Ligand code: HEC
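One chain comes next, on its own, written out as structure tokens in the form predicted alone.
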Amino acid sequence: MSKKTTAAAVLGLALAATTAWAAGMHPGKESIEKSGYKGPETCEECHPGSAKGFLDTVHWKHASKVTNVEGINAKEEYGMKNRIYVMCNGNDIVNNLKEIPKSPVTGKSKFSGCNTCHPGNHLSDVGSTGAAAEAAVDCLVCHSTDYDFRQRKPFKNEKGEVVMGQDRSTKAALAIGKPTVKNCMVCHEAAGGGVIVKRGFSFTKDTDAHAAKGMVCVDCHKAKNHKMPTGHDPNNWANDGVFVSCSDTSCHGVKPHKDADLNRHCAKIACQTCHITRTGGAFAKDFTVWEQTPDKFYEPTTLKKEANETTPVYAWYNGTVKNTPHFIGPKGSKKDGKSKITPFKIFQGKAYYNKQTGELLSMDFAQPMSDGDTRAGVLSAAKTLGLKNPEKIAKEAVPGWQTIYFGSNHLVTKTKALYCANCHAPNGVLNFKDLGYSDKEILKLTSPELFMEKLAQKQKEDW
């Protein structure tokens, strides 16, 4: 085939694909209808190399190198795969998907594991590579708008291995499109032990200004080669090396307001501070005491609120993270020239600590989920991680608390955004003393002289 013929063929395919997309139809529909869906190999007829590339993403590895967190090895990778912190108190290693022991009350068991949301089949698990892993990728769980999530549940195969089911039906494959909010939120909304627990937000037209405009998650989190941009959450360590910010030129830019005074604030105030005025979700968990649920299994004692019920706490944040056994949160100050006042959701969790080293211990949830025995969970995790004298560690483990600052990056509001008096009145939401301001500076910052004229004019316009 000549170069001209080849070029014409490629151009023809491109035009056909463009026409198909414009008509709301995914290119390759006829081929899928004829041959059915065979997993990633079907996708790779048009997207060669995508499955192999996906294996190098955070969604598959659940870990990455982390450069902004103190107290960790910059050469190692960290994430849901191996981190220990008190929102989950476990990870993919100690809480690998498995069948838990039978309940002594009902005699029933169930499957549980931190890697339930991993987009593989569990036989090829977190961080796996090779041909089997590529074939195990569940492309449709993110890309099908007609995915039957009832199919995505664990079961045991004829060898007794735990397998995560997938919907690989032709029907699901014919509904390929841009990931919807549901595709994302099936995992991200239920993270941390239930709906609106970890992040504490819902993404609906009633709760978020972006959703009200018809936007979906990937309108901001625009992936390239499945590398997903994320924000700079102090507790969200693993990343694909690409980040998203309100001030990106493709979004709102560095001068998003018509009012020059408000734009001036952007140098020291994060967009979220004024535009995300509430948060929600779990604010405390106790992994040392589990409560029996109606199904006679057990869950950690958890205190939570609905989305938009909790007021954030505000702190200076320069993108780096303090990390200790009892605290994970933002570093920064008003003097470093890099920090901005930023809102956070505060979460506090109680778990077991190593009596000898003071380090936070992880827990295998299988045993406590079955009968409430939390120290048995610590023992199992210690054995899995190869800790020396695991029985002694579990027996002598000391309960303690860890505080975590979660980034507050959703539940965006325009109509209820903070305005001058919300912060600068003496009873405003910002504690200027805690933020490092002197008494003299606070007196100036809380004087009506700052905003009297502007608010009087706004009040006149509103009325």
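Numbers follow the displayed sequence, beginning with 1. In this text the structure is predicted, and so the values were computed from the model without any measurement.
Keep in mind that the form predicted in complex with heme C (HEC) is missing from the display, and what follows is about it.
Heavy atoms of every residue among P179, C217 and Q272 are located within 4.5 Å of heme C (HEC) in the predicted complex. None of the heavy atoms of T293 is located within 4.5 Å of heme C (HEC) in the predicted complex.
In the predicted complex, N68 stays away from heme C (HEC), with no heavy atom inside 4.5 Å. In the predicted complex, none of the heavy atoms of E99 sits within 4.5 Å of a heavy atom of heme C (HEC). Though the partner is left out of this view, Q151 does not reach within 4.5 Å of heme C (HEC) in the predicted complex, counting heavy atoms only. With the partner omitted here, the stretch from 102 to 110, 118 to 126, 155 to 163, 302 to 310 that lies within 4.5 Å of heme C (HEC) by heavy atoms in the predicted complex is 118 to 126. The listed set S333, T230, Q348, T324 contains one residue whose heavy atoms approach heme C (HEC) in the predicted complex to within 4.5 Å, identified as T230. In the predicted complex, the residues of 120 to 139 lying within 4.5 Å of heme C (HEC) by at least one heavy atom are, in order, V137, D138, C139.
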